[in-house]
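Below you'll find only one chain, the form predicted on its own, shown as structure tokens.
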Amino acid sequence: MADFILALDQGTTSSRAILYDTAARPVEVAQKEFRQIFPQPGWVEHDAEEIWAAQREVMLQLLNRLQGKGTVAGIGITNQRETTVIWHRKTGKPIYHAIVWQDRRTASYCEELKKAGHENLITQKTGLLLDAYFSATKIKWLLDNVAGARKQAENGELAFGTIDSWLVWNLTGGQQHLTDVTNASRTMIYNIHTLQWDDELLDLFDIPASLLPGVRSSSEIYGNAHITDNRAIPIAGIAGDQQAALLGQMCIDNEMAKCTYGTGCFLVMNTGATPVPSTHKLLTTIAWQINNQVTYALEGSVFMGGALIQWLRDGLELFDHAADSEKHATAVEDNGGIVFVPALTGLGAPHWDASARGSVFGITRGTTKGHIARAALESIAFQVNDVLTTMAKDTGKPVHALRVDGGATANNLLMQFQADISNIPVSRPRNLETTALGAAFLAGLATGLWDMETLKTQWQEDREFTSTIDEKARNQYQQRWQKAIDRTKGWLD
């Protein structure tokens, strides 16, 4: 019997590989960052070949460390979602940089489609809102703006994929062009009810069907990764990062919710076998498909989470290390009256305002970088709370507890403020890397290394945060935040 599962966690700022033993404990980790490319304001790109090189490098690091210590049962892949790559089928070379999920270049086109009355159709079929966040308009932009791309696509010479597809293509030497239902559900051209690419939407966005990958379940053997000439490992699990984290948090029952504090913040609630349509601008999406059973979820996406702290570090140079944000924030007693609205790439759920821009309100001569750091951390919690409140409206039931993960959850100040402003228990697990863990679970299930009952025992709590403020203080915080949000919207004409 195999001894390990290898998880490939391809994120927005880095590629990681984590090796898990049969008890689902991480035993080896490797990580490598890659460039963030900003050609114009609001544009965000990655070099897809650089992503693959980084992912391959960290994967090989772990496999080399493993030599003589055991074998790998399978590979699980989790990835930044919506990020769009189109490449040549013959050469495997991308036609352009990957357009990242944060990119806003197609926002005006989305507004044109809304004015033409197409949003309801898109939402009914995909569960998504009509927004530049998703893959469809990115695909259209590439076909319309890269010389010769549309003709090549119509001739069947090109392949589209989200990052999971790009990795599978490279891992299998171009033998497999596929994705799973979770990533397909984020493209805005996949019907989450019929579980098919939707011809009507392909016509709307003028996307040739020949571009598209095959769609598979989240946990099955897709093919072999050819690591070396004499070593092949089954690729056995695929899920977008937030769905993988939902599984890694063991939110496998209806109405269980988690929030991942990564580059963005993503709150996801398991809604079971039935998709729950949102009337408050949340997304209805697929959580996973395991053993032919589809599980759905509600999701709210906040664009600026850890990316805000990264910007304070790199853009404003307020501190040298992201972890220093907590040190500066705790050096002051409060936020000094500062409210930070981090709409650096617009506002996500539940506001969905692409024209909003980042703003800091309440600055005085007494304002310090500690106040700004604290207000920035608080803004992350405020955004998550907006989604929690909206989710309760959609389901008709308040969220009673929140499981949290991601690098920023190590920040106790942020977690405590989240519990304070949301007035619910916030549970942090011992293993914060639940995204990679969820990918490992999917691969372990497909290869027979684990079953679901075994996996239920893996989630263990590190600490629970509960509210320490009264309702009056909570309302004052919330009123000031709402005032700032209202003044930030519609900044760009």
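If you superpose the two forms and keep the largest set of C-alpha atoms that fall within 1.5 Å, you have the rigid core. One rule holds for the numbers: they count along the sequence shown, beginning at 1. Since this is a predicted model, take the numbers as computed values, not measurements.
Not pictured, yet referred to below: the form predicted in complex with a small molecule.
K.L.:
Which one of 73, 307, 372, 419 is close to the small molecule in the model of the complex, taking close to mean a heavy atom within 4.5 Å?
P.N.:
Looking at the other structure, the residue within range turns out to be 307.
K.L.:
Between the options 262, 94, 234, 358, which residue brings a heavy atom to within 4.5 Å of the small molecule in the model of the complex?
P.N.:
Among 262, 94, 234, 358, a heavy atom within 4.5 Å of the small molecule in the model of the complex occurs only for 262.
K.L.:
Okay, which stretch from 307-315, 183-191, 104-112, 158-166 lines the small molecule in the model of the complex, with non-hydrogen atoms inside 4.5 Å?
P.N.:
In short, 307-315.
K.L.:
Can residue 297 be called a contact residue for the small molecule in the model of the complex at 4.5 Å between heavy atoms?
P.N.:
No - in the model of the complex, heavy atoms of residue 297 and the small molecule never come within 4.5 Å of each other.
K.L.:
Would residue 411 count as touching the small molecule in the model of the complex under a 4.5 Å heavy atom rule?
P.N.:
Because a heavy atom of residue 411 falls inside 4.5 Å of the small molecule in the model of the complex, the answer is yes.
K.L.:
Test of understanding: in the model of the complex, would residue 407 fall inside 4.5 Å of the small molecule by heavy atoms?
P.N.:
Yes, residue 407 sits close enough to the small molecule in the model of the complex that at least one of its heavy atoms falls within 4.5 Å.
K.L.:
Decide whether residue 377 counts as a contact residue for the small molecule in the model of the complex under a heavy atom distance cut-off of 4.5 Å.
P.N.:
Within the cut-off, so yes.
K.L.:
Compare the position of the CA of residue 97 between this form and the one not shown after a rigid core fit and state whether the shift reaches 2 Å.
P.N.:
No, residue 97 moves less than 2 Å.
K.L.:
Classify residue 127 as shifted (yes) or not shifted (no) between this form and the one not shown, where shifted means its C-alpha moves by 2 Å or more with the rigid core superposed.
P.N.:
The answer is no; the displacement is under 2 Å.
K.L.:
Any CA movement of 2 Å or more for residue 150 between this form and the one not shown, core superposed?
P.N.:
Shift at residue 150: below 2 Å after core fit.
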